[in-house]
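The form predicted alone is given below as one chain in structure tokens.
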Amino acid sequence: MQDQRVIIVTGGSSGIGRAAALRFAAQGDKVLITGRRPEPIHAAAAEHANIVGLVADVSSPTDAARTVAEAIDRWGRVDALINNAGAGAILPLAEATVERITDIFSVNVIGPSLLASAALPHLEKTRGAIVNVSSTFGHKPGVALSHYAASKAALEHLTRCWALELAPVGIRVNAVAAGPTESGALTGMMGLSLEQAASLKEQERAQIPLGRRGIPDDIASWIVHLVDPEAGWMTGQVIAIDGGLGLS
């Protein structure tokens, strides 16, 4: 019988992270989800017996180590790290400040790096996998998205560099570049009003060749597949899942 796998999913209380956690849990994996707010984390963890929630901030060095330690203390191993938690803002260059730029990069670049480093010895034991969640705007420019886009471009190149560095110890590293997805990010992470979010959604639908915004499962299914042994000869890749938006 194959050992039960242990998966860490950051930003697992909603959207893509929640959908991925539920998919992993449904196939029998043990899943540790993290997030900053207790109520959504506890609510998501209650959706499946295989999911455990932990209140943690990916940008915190101590929380990165604490997250990995929680998985090891509970289940004794880590098979995959899903760096899904993200930060962003509609941020024109004229309004950029050190604090706002640092907030974005601390979650999108520093956080995944700290978590991957903390998980590394355990992933080496299981010949595990890392999946980073990027964005179409990691490779497509966007007005007032420069710092968010730059942070995702950095995450994509971290993916390629880590894939080379960790291949000798059997750890695969890939990324998914998600297009606009129905996840509440516009009114949450991006800070838009309901009216602004509705207007932007219509603009995005008009630009997406397949004619719709994504749903979390569109992305989550690829995250789960990239962890699966069937993808065992795949590393260093950034898979765009965006309805063709990156082509437009």
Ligand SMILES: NC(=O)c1ccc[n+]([C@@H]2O[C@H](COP(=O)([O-])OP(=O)(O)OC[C@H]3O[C@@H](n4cnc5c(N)ncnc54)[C@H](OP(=O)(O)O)[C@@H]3O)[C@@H](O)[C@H]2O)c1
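As the structure is a prediction and not an experimental result, all values here were calculated from the model. Heads up: residue numbers just count along the shown sequence, starting at 1.
The form predicted in complex with the ligand exists for this protein as well; it is not shown, and the discussion that follows is about that form.
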Heavy atom of residue 64 within 4.5 Å of the ligand in the predicted complex: no
Contact label in the predicted complex: residue 134 to the ligand, heavy atom within 4.5 Å: yes
The ligand contact in the predicted complex: residue 205, any heavy atom under 4.5 Å: no
The ligand contact at residue 109 in the predicted complex, heavy atom, 4.5 Å: no
Interface stretch in the predicted complex with the ligand - options 83 to 91, 121 to 129, 69 to 77, 160 to 168, non-hydrogen atom within 4.5 Å: 83 to 91
Within 4.5 Å of the ligand in the predicted complex: residues from 142 to 160 (heavy atom criterion): 148, 152
